[in-house]
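Only one chain is given next, in structure tokens, and it is the form predicted on its own.
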Amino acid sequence: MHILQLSLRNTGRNKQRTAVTVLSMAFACAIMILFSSMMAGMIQGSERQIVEMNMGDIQIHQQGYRDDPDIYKRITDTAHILQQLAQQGIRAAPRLYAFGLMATHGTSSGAHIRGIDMQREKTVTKLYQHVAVGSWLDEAKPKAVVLGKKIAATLGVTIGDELIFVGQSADGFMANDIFFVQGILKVVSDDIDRSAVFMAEQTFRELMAIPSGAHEIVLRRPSPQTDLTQLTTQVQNLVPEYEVKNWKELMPAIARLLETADIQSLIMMSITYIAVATIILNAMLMTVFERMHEFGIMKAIGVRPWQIVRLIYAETLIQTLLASAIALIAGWWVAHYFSIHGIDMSAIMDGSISMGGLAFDPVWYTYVTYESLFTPIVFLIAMAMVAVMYPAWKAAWMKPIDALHYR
């Protein structure tokens, strides 16, 4: 018996039912391709938001600084550490932190001022590309500062406005100076949005009377393929007197959330495809019961039960492959479109939302990968093969005489 030829003919016999079954499977699969691409985009975007915007891959601090961010707890041999890291191909940048009050036009707000090495910072983060209004820091403008989005809104300032900083310097005297707003960042993370004020390293040192050292050194891996855990251990061995943590240790809740995102996708796909399996089961049951007389005659002339099972499975496989092809084209097109234009959720997110200190951009971009394209298709085929087991068993093991008299 020519199984393939017979199954092709049977698939085209009832075109309306075949079309409904194929399109139902294709629609569900295309939706899951889009969903998988959205999850991949969320993972990639979240990790990029963490690593490229602020955290870096690894950070070095003086022991106890993260629990008690005292201005005097500094990494003293910064230049030597940076030189050692550079010799091993690791990009790194020092940062200086202090707290104070930023005021303008009768309004004030607590500020977390951050002194950065503008040249080195560009090698570890992409904050300089994340300016919403105005421009990034300029070495030729030592009094220029760049603000987080929310603190700028709290102070009610815009580009060119003056800001007065008041705080306590490291020598115990009052630190105060006048700055002007050079730029306002897009959404980065909750702490940066609410309080961050970036300024040039030398300006910070003069303001806060800190001639040397740094509160933090931020590192980036030589390549994305570099093992993060091994590199953390390597850096820790290099500077055993300091605390060395990678971003997953610094933000364990977010890291765990991202690690389990794939599992969440699989759970969602399983739930969706159980519904799809019900559609397939219903369609194949109707197909089998309509053709009971045909199966009875086939068995009466000597067709064996396993040949009938193979025939029904072949018909299901043909329909599933057709649905997969349609879903692959439609799902890829939609996911690719949103990978460029994004899904703007600002209307329901009120600008942005934050979770565990991480701010999510209201424009959600998809990320198309081989996994996001083909995992839903593998799921679809597997669920279809499971769903058709009962109709195939029913047709294969029914007695010919019962099948011929089936009503």
Partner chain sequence: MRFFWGILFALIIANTAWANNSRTSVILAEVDNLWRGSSSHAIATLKIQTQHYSRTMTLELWSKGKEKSLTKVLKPLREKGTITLKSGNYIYTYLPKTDRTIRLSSGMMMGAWMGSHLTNDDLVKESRLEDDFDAEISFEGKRNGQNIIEFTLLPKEAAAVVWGKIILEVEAERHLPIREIFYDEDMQVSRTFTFTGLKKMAGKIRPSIMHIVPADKPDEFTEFIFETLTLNVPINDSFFNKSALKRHKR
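Keep in mind that this is a model prediction, so the values were computed, not measured. Residue numbers count along the first chain shown, from 1.
This next part talks about the form predicted together with the partner chain, which is not shown.
Quick check for you: of 313-321, 293-301, 93-101, 223-231, which stretch puts a non-hydrogen atom within 4.5 Å of the partner chain in the predicted bound form? Answer to the contact question: 93-101.
Checklist entry - Among the candidate residues D77, E162, E249, D191, which is the single one with a non-hydrogen atom no more than 4.5 Å from the partner chain in the predicted bound form? => result Checking each option against the partner chain in the predicted bound form, the one that comes within 4.5 Å is E162.
- Looking at Q307, S135, S108, Q84, which has any heavy atom no more than 4.5 Å from the partner chain in the predicted bound form? Of Q307, S135, S108, Q84, the residue with a heavy atom within 4.5 Å of the partner chain in the predicted bound form is S108.
Given that the partner chain is not shown alongside this chain, does Q236 nevertheless sit within 4.5 Å of it in the predicted bound form, heavy atom to heavy atom?
Taking the distances in the predicted bound form, the answer for Q236 is no, it never comes within 4.5 Å of the partner chain.
- Should Q202 be classed as touching the partner chain in the predicted bound form when contacts are defined as heavy atoms within 4.5 Å? No, no contact at 4.5 Å.
Q.
Does any part of M174 reach within 4.5 Å of the partner chain in the predicted bound form? Heavy atoms only, please.
A. Because a heavy atom of M174 falls inside 4.5 Å of the partner chain in the predicted bound form, the answer is yes.
Residue contact check: A170 to the partner chain in the predicted bound form, 4.5 Å heavy atom:
Output for A170 is yes: heavy atoms within 4.5 Å of the partner chain.
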